[in-house]
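Consider the single chain below, provided in structure tokens and representing the form predicted alone.
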Amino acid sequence: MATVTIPTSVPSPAEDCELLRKAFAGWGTNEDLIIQILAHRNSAQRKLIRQTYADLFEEDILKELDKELSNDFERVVLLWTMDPAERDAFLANEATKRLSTSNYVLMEIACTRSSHDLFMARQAYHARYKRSVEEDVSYHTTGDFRKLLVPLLSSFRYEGEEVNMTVAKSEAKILHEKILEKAYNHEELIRILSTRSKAQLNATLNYYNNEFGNVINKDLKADPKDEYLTLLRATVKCLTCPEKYYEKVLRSAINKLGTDEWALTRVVATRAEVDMQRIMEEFHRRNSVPLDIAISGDTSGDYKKMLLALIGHGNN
């Protein structure tokens, strides 16, 4: 459910590249032209633009953009122009170096990408950083966070709809047992969350709810100040209803004293071609304000224009 609007007739990659080259030339950068082109091309088209630009001008367009743009606008354009696997690798690597919400970025990548996309991101990480993402995450995290994040990032889940109800019942009981024991970092609990398909997990958690009278995340709220438990609840949410998880990230990013542009940029750049429509519907339902209005009230200039274009509310 992508929100990016692609024109009915798209110019050739060479034409786009010539125009982008013009946007970089002269005294000032033509930001509107950059938005007009890049915000209205899908992933495959952007990849062709990058290849063609390199062929025509012997330059990586990402380096050109980096040179010409600045601040939040630069970040959203760069993230958007990257290949999705390369973007995930970049975000994961950056997350290993930041202290604050980095665990959530890693968990998002692990839990909301398809098995194939996660595999491609791991390959892109190898190629770019000459190390594995698991290696870096193991090194930069500790304790329960490491115990959860490394298996999540190593996962290659079955993507189909087949569900085994016997397994669902027995694993719901295991989860309930471990939560009662407050063994939130137990290897069985982590094994279930990090290996089962999303369809299987949904069946397990539905059974959990019916059998034990609470949704699992309510039972995981034992200590609201426990950071590991907060990440564990976010993991469950990401695996079962990502739009609710992302709505909360956007709400926090926009409603803060001062916008959290990092979070806002990340969600829009990574979800615009995936499930942004669902996230926007959830945001409107939860906040009684459409996301485009919330973004317009909280951002400005070219950064605002780019974000609005990516969620399907641009002027072009």
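As the structure is a prediction and not an experimental result, all values here were calculated from the model. Counting begins at 1, following the sequence as shown.
One more form of this protein, predicted in complex with a further copy of the same chain, exists but is not displayed; see below.
- Contact check for E181: every heavy atom lies farther than 4.5 Å from a further copy of the same chain in the model of the complex.
- Though the partner is left out of this view, K237 does not reach within 4.5 Å of a further copy of the same chain in the model of the complex, counting heavy atoms only.
- Taking the partner from the other structure, a further copy of the same chain in the model of the complex has a heavy atom within 4.5 Å of a heavy atom of E162.
- Proximity of Y158 to a further copy of the same chain in the model of the complex falls within the 4.5 Å heavy atom cutoff.
- Stretch 194-202 is the answer when you ask which of 103-111, 194-202, 238-246, 86-94 has residues with heavy atoms within 4.5 Å of a further copy of the same chain in the model of the complex.
- Contact check for S288, S296 and H313: none of the three has a heavy atom within 4.5 Å of a further copy of the same chain in the model of the complex.
- Of the residues given (N206, S138, T230, N214), S138 alone sits with a heavy atom within 4.5 Å of a further copy of the same chain in the model of the complex.
- Residues of 112-140 placing a heavy atom within 4.5 Å of a further copy of the same chain in the model of the complex, in sequence order: F119, R122, Q123, H126, K130, R131, S132, E134, E135, S138, Y139.
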